[in-house]
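In the form predicted on its own, a lone chain appears below as structure tokens.
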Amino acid sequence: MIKKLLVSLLIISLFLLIGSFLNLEYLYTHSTPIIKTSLIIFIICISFLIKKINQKPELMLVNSLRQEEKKEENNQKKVYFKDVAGLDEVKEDLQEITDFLKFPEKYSKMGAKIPKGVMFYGPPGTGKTLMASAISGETNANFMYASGSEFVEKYVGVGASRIRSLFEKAKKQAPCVIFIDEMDAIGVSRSSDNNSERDQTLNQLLVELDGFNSYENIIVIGATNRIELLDEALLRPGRFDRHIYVGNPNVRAREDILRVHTRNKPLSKSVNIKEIARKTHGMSGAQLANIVNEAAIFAVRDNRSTIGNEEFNKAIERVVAGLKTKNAVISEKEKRIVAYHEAGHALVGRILNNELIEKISIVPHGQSLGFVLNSSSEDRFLMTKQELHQKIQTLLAGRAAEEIIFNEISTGAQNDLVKSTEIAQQMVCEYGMSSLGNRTFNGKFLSGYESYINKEVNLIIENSYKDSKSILLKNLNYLKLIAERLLSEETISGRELEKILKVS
């Protein structure tokens, strides 16, 4: 409105000046006061516009930010604890928080204060955002979502202003749940980052967390995949009081999650949710939801009225191995290498009884020319030194089979080598499972030990590789039988593998 008025005055002043100068007689006799007035208005308007143009961009951003509406999620469908499966322990830990938001007077009488903040941490896709939304639904509180990256800007002061605006709005809408996703974008330790804008944003967040009292009915929830990067001041009691780990679900939790995602879908009577949960060992809640969705898409594509086991098996393969490549042109030599490579993985894995084998395939999926699909009858939380060695042996068995049969190695073991090296490094640096003793190594205490660590990692990998070759040489006839079956049929199920081993 002000801009329009200034523009109008500027135009009128220009017309008056032009008209006055065109009529000299009028200028000489009558228009001196008009010219003076027009000049004054003209100069004021020009000065104001120049000031606005030269105003610092960060101040313009802050001014526009104050008028900007934040993201609202109140109109979306509410989520409740019953909609969140597989996180029973987390729900129990959050019971008093939800109860406090419902009945704050009950706690204030006892002098109890609500935890000011809750930090969810863990792998991606495990339900951290969903749990935060469920807290809002259970307490009928307003839910305000923000991503950590929204507060990181080029101009100093903008992120801090956005933090202030977010918390001011939350105070007006109490009871309220503020959820800040990807907290590591703004909460990274100040000792390792000299970004002044990020530091100011973090400082403002710390001030806002300290500013709440027990009567405001506001809870702040953060989520991160890398809690070790966060500043200690952010995680101390009085700010984010509770740190709750949200990990990948176990077999029972996977079953519950699958039932939630399939409850509104037409399933075939032959579908066994428990069996699918067993096949999806190590997968997150997001991956399970994706599997159910992919299975439904496969059913629609095949014009099925229900979703069956075949669709779920295809969906699991797609999530694990990638999209099936139908038109891949593979030479006969490459096909034989892949067949013996996958046969080596399957045979060593079966002999060592690391994991149950569900399927072996040499059909290309994504960038992979073949795969071995494993499943597990139980969830493992601890692994012994021997079991880790056996895991590396199984990973390196593909390359060992290539060397035994073709007397040369290929590039097909790249991913196996990456995983083997990672496990070996963890054994040396994190688990104390090497000749360097019962200690750990990290970035702070790594200096001077690099050569010793590399030597230990190489020793673990080379010994495991020799053990894999030894196992395959002792069972060479089995290796050839499995590979030949793969070359003829391209896919072998776990049951068919058992038959091959029993008959032989």
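Bear in mind that the values here come from a model prediction, so they are computed numbers and not experimental data. Don't overthink the numbering: it's just position in the shown sequence, from 1.
Beyond the structure shown, there is the form predicted in complex with ligand ATP, which is absent from this document and is the topic of what follows.
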Hey, in the predicted bound form, does residue 206 get a heavy atom within 4.5 angstroms of ligand ATP? no
Spell out, yes or no, whether the shortest heavy atom distance between residue 261 and ligand ATP in the predicted bound form is within 4.5 Å. yes
With the cut-off set at 4.5 Å between non-hydrogen atoms, does residue 217 touch ligand ATP in the predicted bound form? no
Consider residue 142 of the chain shown here, and say whether it contacts ligand ATP in the predicted bound form, taking contact as heavy atoms within 4.5 Å. no
Which of 281-289, 393-401, 424-432, 229-237 has heavy atoms within 4.5 Å of ligand ATP in the predicted bound form? 281-289
Between ligand ATP and 313, 364 and 373, in the predicted bound form, does every residue show a non-hydrogen atom at 4.5 Å or closer? no
Given that ligand ATP is left out here, which of 420, 201, 136, 126 has a heavy atom within 4.5 Å of it in the predicted bound form? 126
Answer key, ligand ATP contact in the predicted bound form at 4.5 Å (heavy atoms) among 356, 130, 158, 351: the residue is 130
Sequence-ordered residues of 83-121 touching ligand ATP in the predicted bound form, heavy atom within 4.5 Å: 83, 84, 85, 87
